[in-house]
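Just the one chain here, laid out as structure tokens, in the form predicted on its own.
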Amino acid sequence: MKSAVDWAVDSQARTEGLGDGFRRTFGGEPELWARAPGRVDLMGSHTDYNLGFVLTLPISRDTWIAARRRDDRTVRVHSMNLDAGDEFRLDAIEPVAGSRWCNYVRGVAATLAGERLALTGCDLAIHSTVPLESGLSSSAALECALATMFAALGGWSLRPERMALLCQKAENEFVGVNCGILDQYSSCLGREACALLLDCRDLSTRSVRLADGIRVVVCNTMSRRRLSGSEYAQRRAECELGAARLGVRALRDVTPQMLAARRPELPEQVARRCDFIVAESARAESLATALTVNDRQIVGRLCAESFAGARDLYEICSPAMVAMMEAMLAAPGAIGARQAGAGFGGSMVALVDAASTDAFCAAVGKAYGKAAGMVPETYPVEAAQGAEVFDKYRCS
């Protein structure tokens, strides 16, 4: 089997490989195919659970599922990335201790069943080009592809907004990861050629077209991070405490003026977390405008402010992230660079002059490898369509 990196750029090989994997595992041919993208946040770290704004890009790294119906209410699953399988009955869905990926699959099925949506047994072969635990929402891509496939097999449909909320519920309640809505909304509502400015309070979105000549490049530190860790939970609790002390539902409702006036009422660490979130949400809106009008100076400034706040106020940076930031900013064509996802390692993101994309990637790989002693993954990504059933021949 080809590597995930090969399959990320060779859709014909991926189609053939996933089909072969299905036949080897289950025998016969799949009858339906579904996909859902990962995402990278261009601005808005940790603002989603604070009901603020996020500028998100559903990306051309995605999760594919090949499936076939069964008549016995049994779901059999095989992950080609992990070379691992699972089997469960739709009438008795229980978590599996110590197997998070199995629980994502089971959790989506259990959540949909809880909504009294018709589910049918099936065989599922899964492959993803979203790197695992990299901050690019591999879990949401899996969840949303699964929900899309269960809907197709069952003969029903949901609005993308509703599907995103159910996938978030599966992750929150079945898997036990207290994530916000950003990842699932990005994966379900993606649009080709557009970033999305997501208002996490009313869940409305606005399409944002990046100016010609700007490319988005993902730079994976290869330092894995885990969303359910204690550091993430602590940051969320600190934000909730700050909102409660300030008498608001969420930090989205705090203005810079209010925060400055009432800062002495907050514990110092909580105040720093609030400083970051209030400014970060405003930066998401500002970056959407700057990218549309191609104001590269503002883009660079906003990204620099975001990373400084993530490092000094929210404290979600790691040594690998600092080394990657230095490598990105020193590379040819860099316009702006910052953290992506929840931080604590994983991937980062750069906005790059399109003509310098190859030179940028080469320079980052060399500089980061020397500084960190690890070979990073660097690759440009495009804005991608959200979760969908697709014709495999379209991609071959």
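So that there is no doubt, residue numbering starts at 1 and follows the sequence shown. Everything numeric here is computed off the predicted structure, so don't read it as measured data.
Beyond the structure shown, there is the form predicted together with a small molecule, which is absent from this document and is the topic of what follows.
Check: Quick one: of Ala288, Leu142, Ile181, Val299, which gets a non-hydrogen atom within 4.5 angstroms of the small molecule in the predicted complex?
Finding: Filtering the options by heavy-atom distance leaves Leu142.
Check: Looking at Arg262, Arg100, Arg252, Arg76, which is the one with a non-hydrogen atom within 4.5 Å of the small molecule in the predicted complex?
Finding: None of the others qualify; the residue that does is Arg100.
Check: Closest heavy atom of Ser128 to the small molecule in the predicted complex, within 4.5 Å or not?
Finding: Flag for Ser128 set to yes.
Note to self: Although the partner isn't part of this model, could you tell me whether Ala113 comes within 4.5 Å of the small molecule in the predicted complex, counting any heavy atom of the residue?
What the structure shows: Ala113: no contact with the small molecule in the predicted complex.
Notebook entry, point to check: Does the small molecule come within 4.5 Å of any heavy atom of Ser318 in the predicted complex?
Noted result: Answer no; every heavy atom of Ser318 is more than 4.5 Å from the small molecule in the predicted complex.
Next item on the list: Look up in the predicted complex whether Ser306 has a non-hydrogen atom within 4.5 angstroms of the small molecule, and give yes or no.
Entry: No, no contact at 4.5 Å.
Item checked: Which of 132 to 140, 195 to 203, 309 to 317, 277 to 285 lines the interface with the small molecule in the predicted complex (heavy atom within 4.5 Å) -> Of the options given, it is 132 to 140.
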